[in-house]
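Shown below, as structure tokens, is a lone chain in the form predicted on its own; questions about how it binds or moves come after it.
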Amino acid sequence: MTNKTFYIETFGCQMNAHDSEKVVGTLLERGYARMETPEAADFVLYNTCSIRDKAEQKVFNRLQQFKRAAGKGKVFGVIGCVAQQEGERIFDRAPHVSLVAGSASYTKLPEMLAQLEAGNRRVTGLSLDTEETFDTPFTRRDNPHRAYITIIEGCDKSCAYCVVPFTRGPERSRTGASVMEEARRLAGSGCTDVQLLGQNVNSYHDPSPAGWDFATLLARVGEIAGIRRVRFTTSHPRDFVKEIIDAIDANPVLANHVHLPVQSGSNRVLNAMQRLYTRSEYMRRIEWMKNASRPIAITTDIIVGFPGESEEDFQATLALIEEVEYDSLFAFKYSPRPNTAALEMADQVPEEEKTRRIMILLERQRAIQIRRNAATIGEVREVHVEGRNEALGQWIGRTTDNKTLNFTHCGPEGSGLTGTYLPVRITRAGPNSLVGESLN
């Protein structure tokens, strides 16, 4: 690489988005300049997701698009989950790729960059044998008001459909002291909204002598001066304890929103998925939230068409979403993934049947969201202003229970409201967002 310019595209979850912030910070610290398009950059990076086949294929489609550019001095890198999953096979599939590195190797990114700069065209970082979490002082945060903090990486569960244990490695928690230090540093810079991240965020256990569990860490971060909202994702039902709800109840700084993936409403399917809980155990956690003194928004993930899922199993899932009344959900058709137990399971559900089921599920959930959101009309919510939609003449804000609220505001236009907190009265509601008027 002669001119040190780079472009990065990120696929997947918040963990990947935050990993990209860390990668960008490391590149900038090393003297690279960030470009807005891959065409303008000498070093093109794809931070990948392998949770579903569609996300994986997007990456290889991108690489194919730029294949000819490799002979014009461009260097390509594939990082993240697909890199860890496919390893050096990526060099065979896309010979113009020069860097393949999983997330557990990001702490060694400066050394890998040095190899690339020296002309090495097959650089890898694929070891999962580490106790480290990827924590770097060079994180580049483009949003000065909201920030991610990774508190735990990897996963020790063995869900039959999931590649995360193979792509992210075993669970590794940061010390509570290092998390608190990062949160205080963010608050000192003007950041008011932080989100604690982990593949199983509530499996967190402080490895230092303090020995904090997740509920304790959550409560402590919520006490930091300057922090107005604390969010977290993603939780595993097996490790979700009532103390988490007690912490949310005790401090309004802790956002009243919980994302708790259920995946299926059928005990038979949950057992086949190796989810480690039953429907009734999951519903006990829902009951904790429903009985909290603060209203808590609940969202979830659901997989449709897992191998062997019968119509009866699917109906059990529909019954569960009606019982819980989720504020929103993410639904996915089961996608076979490498290295997973489900890959070898018999009785695969036909693709057309998966499509039929997911359409029914989404339509049922849409009706729930229309009903629940309509019930908020007339209420006043505090929103954290995220920006402005000039085309609609509205500001975009987010409530503490993680709902998007677009609103009008009598005052000067421009970006001056971004990052502030305002009371907004809800005047209209749709299935996916709310509309209102600022009271200021």
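Just so we're clear, the structure is a prediction, and the values are computed from it rather than from any experiment. Start at 1 and count along the sequence shown; that's the residue number.
The same protein also exists as the form predicted in complex with ligand SAH; that form is not shown, yet it is the one meant from here on.
Proximity to ligand SAH in the predicted complex, defined as a heavy atom within 4.5 Å, holds among 303, 221, 151, 194 only for 303.
The contact residue chosen from 265, 307, 261, 125 relative to ligand SAH in the predicted complex is 261, the criterion being a non-hydrogen atom within 4.5 angstroms. With a 4.5 Å cutoff on heavy atoms, residue 162 counts as touching ligand SAH in the predicted complex. The closest heavy atom approach of residue 332 to ligand SAH in the predicted complex falls within 4.5 Å. Although the partner is absent from this view, residue 337 contacts ligand SAH in the predicted complex, with a non-hydrogen atom inside 4.5 angstroms. Though the partner is left out of this view, residue 27 does not reach within 4.5 Å of ligand SAH in the predicted complex, counting heavy atoms only.
Of the candidate stretches 392 to 400, 50 to 58, 375 to 383, 29 to 37, only 50 to 58 contains residues with a heavy atom within 4.5 Å of ligand SAH in the predicted complex.
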